[in-house]
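Next comes just one chain, in structure tokens: the form predicted on its own.
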Amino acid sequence: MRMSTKAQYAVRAMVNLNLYSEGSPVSLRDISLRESISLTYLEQLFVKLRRGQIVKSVRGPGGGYLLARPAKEIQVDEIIDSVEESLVPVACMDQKHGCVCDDHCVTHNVWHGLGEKIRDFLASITLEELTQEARNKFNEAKGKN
């Protein structure tokens, strides 16, 4: 199973936003340059993140984005849910399309259990924890130079 680039880029962008905001809005252009993610792609992601109430936008000169609430209250699964349609491990678990095997699917419980484990794992990680890990890596890299 692979996470989409939407999920990967959204989480990376959110860590970057949290690292650099320090209470002030951060422009998508700055995140784009630091993370090497297309600005138009980031714009699309941040529309979804705003709708998901993960970020809020600030208009005007010096505008950009801020976290909608403290990073310690934002879990990784929320970020992914905001930009993805689903976090299920197999297509047949998607509620929109459903399983064609219905009641006689012998593997349904396996996929359902896997999906729950993935969701529980992602829900156990906060944006603050990821940001702290990024700070630590940055400081380690700085110390080696």
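For clarity, every value in this text was computed on a predicted model and none was experimentally measured. We number the residues from 1 along the sequence you see.
The protein also exists as the form predicted in complex with the DNA; that form is not presented, and the subsequent description refers to it.
For the chain shown alone, residue 107 is not a contact residue for the DNA in the model of the complex, no non-hydrogen atom being within 4.5 angstroms. With a 4.5 Å cutoff on heavy atoms, residue 26 counts as touching the DNA in the model of the complex. The DNA is not drawn, but in the model of the complex it has no heavy atom within 4.5 Å of residue 33. Using a 4.5 angstroms threshold between heavy atoms, residue 120 stays clear of the DNA in the model of the complex. With contact defined as any non-hydrogen atom lying within 4.5 angstroms of the DNA in the model of the complex, the contacting residues in 45 to 59 are 47, 50, 51, 57, 58, 59, given in sequence order.
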